[in-house]
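Take a look at this single chain in C-alpha cells; it is the form predicted alone.
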C-alpha cells in the first residue's frame, strides 16, 4: 500500500495503486481546483511532489501542455494525471492556488421579479363539516369532498391514503372543524383548526457552480430567508459536460452526483428554517430550477443521451413528485415541482429567467442573456421569440486562465489602467489579491485595448513602454498585481494565451446573440432593452462589455442587470398559479434552434474573435474611439 504525506498539514493518507492523487485527496476531504473534473483539461490542480516521484507514472501529454519546463524540473504534477504505480511514501505539497477557495463568494442571490397577484398552488383553508348521523351516513371522505366542491368549485378533489388515515380521528377530535393544506385540488395535510402556523414554500436554483434557496411565506408572499452554497459537484468538474461524462461511466456515479445535490439542498433547508425559527414540516412545496443537466441530476435521470447529439432530455414538461420520493427534508407529504426545460442546453433556469422578466407580456423586442459557462439567450417579444444557448466555457469563471478564479475573497474584480500603463485594481472584500475573476478579466482586456497595449487580435503591441509588459517561456503577459502585493507571493499576470481564452468565450456569446437576432429578424437598434441575468452578468461593466464585443453596441441606458432571475422565477412559480402556467407557455412557445447547426455560426464566431469585432461597423460607438486613438 502507498501512503500520501500531505504538506504543509503533515496529514497521512493511505492510497492504492491505480488511484490518482486527485482521487486520493478528494476522498480524504482535501478539495483541489479541478475545473474539468479530473480529465486533465484545465491545469488547475498542480501539486509539488517533494519525495516519491518513482511511485508515480511518467508525465502525461496533458501535463506537458500545462506545466512549464521549470515546473516539471522542480517536480510539479497535475493531481488528476499523477497515478500511483508503486507502493511507498509520496510527499505531496499542495500550493495555496491549487486548493479550492473558501466560499466567501460574491454572488447574487436575488433578482428582478415582476409583480403578480398572490395565488399560490399551496393554500391552507378552514372547513366545518356536518357531523354524521343515522339520517346522514355519508363517509367521512365524501362529507369532506362535498364541502370542498363548493369551496374549490370542482369535483376533482384528491387525497392520499395517508390523508384518509388521518381524517377520522382529526375530524372528530376537532369537532369537525378542520384546517386543510391543499396543493391545487389535492389534500396533502389535515390539521385541527387550532393550528395557526403559516405554510411555506421553497424556491431552489441549482446552478452549475452554486445553489440558492429561498424560504417563502405562501400566505403573504414574503421571502423570509435566503441561503446559498457552492454546488458540491464542482469537484467532479467545473462544466456540465465533465460531470455528465463522469455520470455516464455508470449508475453509481450518477447516484453520487444526485446525492450530492440532495444533501446540499437539505443542508440549506436546515439553515433557512433554523434562522427563520420555523419547522421544515410547514414547507409544503419546493420549486426547482436549473439547467437541463442539473435538472436531470436532481431527479436522478440518466444523462447519457442528453450529453450527445441530438442532446435529448428525458422529460421537458414540468414534473411534480412527493417530497419523500425526492429526498428533500420538507413535509413528507409536500410536493416538489421541477419547472419545464426547453431543450438539452436551455433549461428550467432559462425558463425562470423569462418568467421573472415577463417575456410573454413584452410588446417590444428585448434581448435576454444569462451569462455563465453555458449562456442562454432569448430574443423577441411576447408574440414571437427565439431561444438558444452558446457554450461560453469556464474562462469567465476563471477556468483556463492562468490566475483565473471565481468571484471569491481576494479575486480582482475591477481593473483600471492609466495612460502610463499603471494599474489600479479592487478585490473582493478588499483582501490581498490571489487571482482575477471574470469581471476583472473583462475590465483588463478592455483597458489594455483602449490604452493601445494590445491590438484588435488580443496580441501585445511591440514597443509598449511599460515595465508591466513581461516575457518568459509562457510568452508575453501583463502584470496586474506585483508579487509583493499578492497573497500567493507571485505576480498575477494576464498572459497573451489568457486573453485568447477570454476571446473564445466572448466570441461564443456574441455569436449566439448575433444569430439569435438574425433568426428573429432584429437588429440591435430595434431592441428596447438588453437584460443581463445571472450572478456573473450582475458584476460586469457594461461599457467594457461593449468595448470587448461581448454584447451588442446599444445605448448604455438600455442595458439592465436583472440579477438572479432564475431564483426569482422560481419564487413566482411558488406564489402564482398563473405564473406557473406561464412557465409552461414560455417553454412551449419558444422557437429553439441548435446554434452549432446554424450555417452562420463558424463565420460569426471567427469574426467575433477580434476586439470588438472584425466588422467594426457593428460597434459604431467603439469604432469612434478606435479611430480617435488610432488603435
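Quick caveat, the model's predicted, so the values are computed rather than measured. Take the two forms, find the largest set of C-alpha atoms that superpose within 1.5 Å, and that set is the rigid core. Numbering follows the first chain given and starts at 1.
One more form of this protein exists, namely the form predicted in complex with another copy of the chain; it is left out here, but the text below deals with it.
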| query | finding |
| --- | --- |
| In the model of the complex, residue 249 touching another copy of the chain (heavy atom, 4.5 Å) | no |
| is_contact(residue 472, another copy of the chain) in the model of the complex, heavy atom dist at most 4.5 Å | no |
| Heavy atom of residue 594 within 4.5 Å of another copy of the chain in the model of the complex | yes |
| Contact flag, residue 258 vs another copy of the chain in the model of the complex, heavy atom cut 4.5 Å | yes |
| Region of this chain that lies against another copy of the chain in the model of the complex, out of 351 to 359, 78 to 86, 128 to 136, 208 to 216 [heavy atom, 4.5 Å] | 128 to 136 |
| Triple contact flag 314, 317 and 325 to another copy of the chain in the model of the complex, non-hydrogen atom at 4.5 angstroms | yes |
| Single option in 302, 489, 198, 432 placed near another copy of the chain in the model of the complex, where near means a heavy atom within 4.5 Å | 302 |
| Interface residue in the model of the complex among 164, 556, 276, 72, criterion: non-hydrogen atom within 4.5 angstroms of another copy of the chain | 164 |
| Residues in 55 to 71 close to another copy of the chain in the model of the complex, defined by a heavy atom within 4.5 Å, in order | none |
| Large Cα shift (2 Å or above) at residue 183 between this form and the one not shown, core-fitted | yes |
| After fitting the core, residue 247 CA displacement of 2 Å or more between this form and the one not shown | yes |
| Threshold 2 Å Cα movement between this form and the one not shown for residue 129, core superposed | yes |
